[in-house]
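Shown below, as structure tokens, is a lone chain in the form predicted on its own; questions about how it binds or moves come after it.
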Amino acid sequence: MWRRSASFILDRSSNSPPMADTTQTPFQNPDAISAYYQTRAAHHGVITSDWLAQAQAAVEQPDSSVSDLGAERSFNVIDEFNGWRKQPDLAEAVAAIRAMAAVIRASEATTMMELEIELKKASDTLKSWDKTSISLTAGCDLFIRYVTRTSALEYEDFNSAKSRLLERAEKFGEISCKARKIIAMLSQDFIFDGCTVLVHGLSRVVLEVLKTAAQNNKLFRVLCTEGRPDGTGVLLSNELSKLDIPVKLLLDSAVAYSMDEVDMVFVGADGVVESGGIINMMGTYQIALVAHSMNKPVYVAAESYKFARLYPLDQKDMAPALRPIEFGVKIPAKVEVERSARDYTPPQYLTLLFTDLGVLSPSVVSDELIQLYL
């Protein structure tokens, strides 16, 4: 189980009154596989027939309810969320932030309290879509914190207050969309001519970092792990080759063998936790261990909307995020297969975190979390 901060427990303890119109019943995934790993195939094109069927089932929603007059379809936050998720370069958390802004726009609330209850219900609906997604939960929580800082008492009427909330919602969405570019700019001083960078998995923010370095005419090469079982490293190597960046593909098991060639490790993150550690694709922890033992810096590129009020103590202290795994041969029923999709890397194995809030050491993350959530 996740260890959460006291403020989070207090937030959860106050049950909000139910609202019936803004969102519909939270969508529950019928399969144990994490919805994130079901649907990322549609973005990256790494699919099997079974996986594609699961992904389609995960995003299908019943038709929106029709009003008694039959004239309009009611607003559905999951439909809005899935609409934004169709954009391949848009992060899942940003899609949720855009959907939450649409909740304010579509709301028929007449008081600030009603509007905040609708936002809370919409947030819970989105988080229920995939309870294993750290960035989705953190993005929704941060949106609520950022938008509702405005007091209705500052304005003469509710409509003025609602307009201010919508303005702040749109601003938060724009800031989140720009995060990747900001991180790429901040990281450029750390990538030098002649260096070799080891990357793991397909992180869009890490790709942006490397792409920006190439555009700045820096000469470097990249070692990509294959990223089993979904081949995300293969996809990243293809993208880098299109940018004419020298790239070498490695077996996941060849990290220690190749580490003496490496000058730095660059990884993304599914979530940044209160300790300053990260939750990321399976294999990140062992790469950080090898790099640390050989005195190689490990840099993390992560947007601030992935900062979560979570405190895992070890690998088994994480909510399970499972994914389908194919070995190419039939596995006997008696053989247990580890399907966990991610691991936890403690802060002592990380050097710096590049975020849209600045370049942070792992020890500073808890302070930034306090600032974000207060």
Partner chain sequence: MDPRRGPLAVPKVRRVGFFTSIEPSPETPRPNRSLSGPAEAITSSSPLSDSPSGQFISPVQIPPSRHHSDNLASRAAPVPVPGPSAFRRQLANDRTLHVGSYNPVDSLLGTSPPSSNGEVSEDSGSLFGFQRSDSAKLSASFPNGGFDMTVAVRAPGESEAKVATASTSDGRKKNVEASGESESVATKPRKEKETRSLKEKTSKAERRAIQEAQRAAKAAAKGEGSKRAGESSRPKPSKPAKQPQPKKEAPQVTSSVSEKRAVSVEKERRMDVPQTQMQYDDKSRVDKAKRRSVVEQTESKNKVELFLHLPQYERGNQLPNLSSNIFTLDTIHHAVYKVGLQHLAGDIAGDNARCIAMLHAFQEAINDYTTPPMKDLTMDLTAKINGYVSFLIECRPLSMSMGNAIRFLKNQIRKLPVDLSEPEAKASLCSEIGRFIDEKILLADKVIVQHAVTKIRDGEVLLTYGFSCVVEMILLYAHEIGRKFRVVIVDSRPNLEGQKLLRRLVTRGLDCTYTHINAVSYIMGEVTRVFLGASSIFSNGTLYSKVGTACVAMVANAFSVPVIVCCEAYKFHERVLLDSICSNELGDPDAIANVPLRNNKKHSKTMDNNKNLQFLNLMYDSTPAEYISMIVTDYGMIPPTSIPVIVREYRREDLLL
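Please read all numbers here as calculations on a predicted model, not as lab measurements. Positions refer to the first chain, counted from 1.
What comes next is about the form predicted in complex with its partner chain, which does not appear here.
Shown here without its partner, the chain carries Glu274, Tyr311 and Asp314, all of which come within 4.5 Å of its partner chain in the predicted bound form through at least one heavy atom.
Taking the partner from the other structure, its partner chain in the predicted bound form has a heavy atom within 4.5 Å of a heavy atom of Ser366. Residues of just one listed stretch (191 to 199, 246 to 254, 225 to 233, 274 to 282) have heavy atoms within 4.5 Å of its partner chain in the predicted bound form: 274 to 282.
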